[in-house]
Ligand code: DC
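Quick setup: one chain, the form predicted alone, written in C-alpha cells, and binding and motion questions come after.
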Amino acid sequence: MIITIDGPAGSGKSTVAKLLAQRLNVRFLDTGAMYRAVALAVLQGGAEESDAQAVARIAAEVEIGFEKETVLLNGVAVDVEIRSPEVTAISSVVAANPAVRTRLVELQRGVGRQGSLVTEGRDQGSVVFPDARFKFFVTASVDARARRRHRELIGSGSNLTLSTVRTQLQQRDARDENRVHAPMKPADDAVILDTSDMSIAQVVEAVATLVEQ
C-alpha cells in the first residue's frame, strides 16, 4: 500500500506524512530531503544551480539513501547540512531540472517496490506513484504557511522576517507550479485538504480516518 501526500512548502505535508507513517507502522519517504541532498551535492561540487548540464551530471553520480530516518549522501549523514539556508535557496531550482527529477523518480519508485510506505512531495500522486491506493494534497493559505515556516526558522536561529519568508514561499510556489517537467498539482483523484485552520494532529486524524476506513 502506497499513500502519497503532496502539497506546497509550509503546508505541513512532511510532518503529517511522518506521523501518519508512524501511526500505520509503515515506512516514511521524505522526497524533499532527496532533492535537498542533490542541491547540497551541487554546492559541494562548486556548480551553479542554473547550469542544467552540470547539475544533471551531479545528480546522475550521487548516491542518496536513508538509514532509518537519516539522509545519506554518498554514504555520509547530511541531515543538518541539507537544511541550511544555502541549500534551501537553490533546492527548488535544482528540483526543476528534468534530469534531476528523472533520476529521483527512479530512486523513489525503487523504494516503493520494497513495500508499503507514506511518501510526501509535490508530484508523488501525480507522477511518481500514479497508481497509489491513497492520494492526498494538503494546502493552506500563503499567510498560514508563512507563519508556520517563520516559526520553524526562528526556532532554528534564523532572523528572517515574516515578510521575507512569505515572499520566498510565493516565489517557490511559482517555480513549482509553472515548471515544465512535473509541475506541482493535485493528482486528479487526490483528496484535497486545506489545513489553514487545522492543527497537525487534526490533519493526521483526518487522513488516517480516510485510510483506515
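In case it trips you up, residue 1 is the first one in the sequence shown, and so on. None of these values were measured; they are calculated from a predicted model.
The protein also exists as the form predicted in complex with the named molecule; that form is not presented, and the subsequent description refers to it.
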**Message:** Using a 4.5 angstroms cut-off on non-hydrogen atoms, would Val138 count as touching the named molecule in the predicted complex?
**Reply:** no
Fill in: Contact of Gly65 with the named molecule in the predicted complex (heavy atom, 4.5 Å)
no
- Message: Arg148 versus the named molecule, in the predicted complex: is there a non-hydrogen atom within 4.5 Å?
- Response: no
Check: Is there a heavy atom of Val118 no more than 4.5 Å from a heavy atom of the named molecule in the predicted complex?
Finding: no
- Task: Decide if the three candidate residues Arg27, Arg109 and Phe134 all line the named molecule in the predicted complex, where lining means a heavy atom within 4.5 Å.
- Result: no
Only one of 109-117, 139-147, 93-101, 71-79 sits within 4.5 Å of the named molecule in the predicted complex by heavy atom distance, namely 93-101
Partner-free chain; cross-checking the named molecule in the predicted complex, the single residue of Arg166, Lys185, Arg179, Arg57 with a heavy atom within 4.5 Å is Arg179
Restricting to 6-25, the residues within 4.5 Å of the named molecule in the predicted complex through any heavy atom are Lys13
